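Only one chain is included here, represented as structure tokens and corresponding to the form predicted alone.
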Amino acid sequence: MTTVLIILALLVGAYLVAVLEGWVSTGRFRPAAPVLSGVALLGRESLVPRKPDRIFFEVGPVLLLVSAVLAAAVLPLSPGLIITDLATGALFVNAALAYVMVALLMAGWGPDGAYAMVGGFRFLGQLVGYSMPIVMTIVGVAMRAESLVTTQIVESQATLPNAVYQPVGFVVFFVAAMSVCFLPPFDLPTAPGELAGGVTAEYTGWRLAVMRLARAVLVVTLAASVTVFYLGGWNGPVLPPWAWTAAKTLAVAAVMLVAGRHVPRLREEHLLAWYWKIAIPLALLNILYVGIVLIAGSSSSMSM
């Protein structure tokens, strides 16, 4: 029952993300647009390129969806409402998201098309940039909670969310999360103005529908990760716990969709330079800061 509820929550969240993304990109609020677009895609012929690597071509969109759902499996919606409460849940999120790169590389290589291949390898370079900062910021979160269990991470923020406790880590993780979702200005794998869709360029019909659904679910999963790791998860007054998690996740997703559209797309080398020269040092500084605060807090409690 819990699994069904979480999957339904992901589907509802994906629908809301699609509505928000359409609103942001076109300026028109059309609640029925994602459903109509999905039905239209399902009704169209799904074309196959002339010389594809058929396994990669077919598996890419599905693997992208599976990786997003797997990462969401260890993120709690409320106390007790989680698919599996792993002892290493925080690291499992990162491990599951590693397959996003595999999926996009498959989607880029499989069709045997130039634009798709360039898009796939662009995301491989993007992974080299964001992978270390996202792990290092999770370390800072786990240090405060003294656990990798996601429910305990939420409970450790009962008095003060991590976004306030470690704001540098929050900013770095948020930007890295946008890179995982390849949202603007980190949309190098799709780059509509350059690659005509990139990794999605050769997909049509139901395959394109699966790819778009997977992308929306991925945005929901990363927004939920920000909520669990930095915004206190279900903690909040008056409303039931699941409502707080849902509201925070939707708010984070909206910010992710809006913020990047006001920033020019970064070149590949500039993106890598930003991560390795700025984001990684900031993540290290965040770990050092959290360690000092924890040591100072334990020393003061012992002296008392």
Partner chain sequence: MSARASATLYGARVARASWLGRLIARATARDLSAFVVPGPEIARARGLDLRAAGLHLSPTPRHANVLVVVGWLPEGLREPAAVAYTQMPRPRAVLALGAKGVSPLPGPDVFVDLDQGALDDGVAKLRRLFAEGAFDPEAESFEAAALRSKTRYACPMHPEVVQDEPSTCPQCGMDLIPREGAAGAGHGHADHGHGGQDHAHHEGMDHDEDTGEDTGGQAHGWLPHPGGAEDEHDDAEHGESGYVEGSGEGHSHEGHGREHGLAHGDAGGGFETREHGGHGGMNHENMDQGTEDHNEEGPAHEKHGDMDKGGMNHGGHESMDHGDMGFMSMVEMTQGTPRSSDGLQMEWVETPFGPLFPGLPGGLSLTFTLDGDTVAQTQAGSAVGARAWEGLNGPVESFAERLAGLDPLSPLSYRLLALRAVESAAGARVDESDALARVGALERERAASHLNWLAGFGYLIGYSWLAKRAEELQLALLRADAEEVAGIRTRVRQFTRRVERTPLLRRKLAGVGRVPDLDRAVGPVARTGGRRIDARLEEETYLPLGFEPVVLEGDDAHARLRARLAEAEQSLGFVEEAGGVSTPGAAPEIDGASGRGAATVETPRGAANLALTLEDGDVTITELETPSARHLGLVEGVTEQRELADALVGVASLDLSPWEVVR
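Numbering follows the first chain given and starts at 1. Computed from a predicted model, the values in this text were never measured in an experiment.
The same protein also exists as the form predicted together with its partner chain; that form is not shown, yet it is the one meant from here on.
*Asks:* Which of these stretches, 162 to 170, 113 to 121, 75 to 83, 225 to 233, has heavy atoms within 4.5 Å of its partner chain in the predicted complex?
*Replies:* Among the listed stretches, the partner-contacting one is 113 to 121.
*Asks:* Should W242 be counted as a contact of its partner chain in the predicted complex, where contact means heavy atoms within 4.5 Å?
*Replies:* W242: no contact with its partner chain in the predicted complex.
*Asks:* I'd like to know if V66 sits close to its partner chain in the predicted complex, meaning any non-hydrogen atom pair within 4.5 angstroms.
*Replies:* No, no contact at 4.5 Å.
*Asks:* Quick one: is W109 in contact with its partner chain in the predicted complex, heavy atoms, 4.5 Å cut-off?
*Replies:* W109: yes, in contact with its partner chain in the predicted complex.
*Asks:* State yes or no: in the predicted complex, is some non-hydrogen atom of L266 no more than 4.5 angstroms from a non-hydrogen atom of its partner chain?
*Replies:* Output for L266 is yes: heavy atoms within 4.5 Å of its partner chain.
*Asks:* Quick one: of A214, V175, L208, A145, which gets a non-hydrogen atom within 4.5 angstroms of its partner chain in the predicted complex?
*Replies:* Of the candidates A214, V175, L208, A145, L208 is the one lying within 4.5 Å of its partner chain in the predicted complex.
*Asks:* Suppose contact means any heavy atom within 4.5 Å; which members of 22 to 50 contact its partner chain in the predicted complex?
*Replies:* S25, T26, G27, R28, R30, L36, S37, V39, A40, L42, G43, R44, E45, S46, L47, V48, P49, R50 sit within 4.5 Å of the partner.
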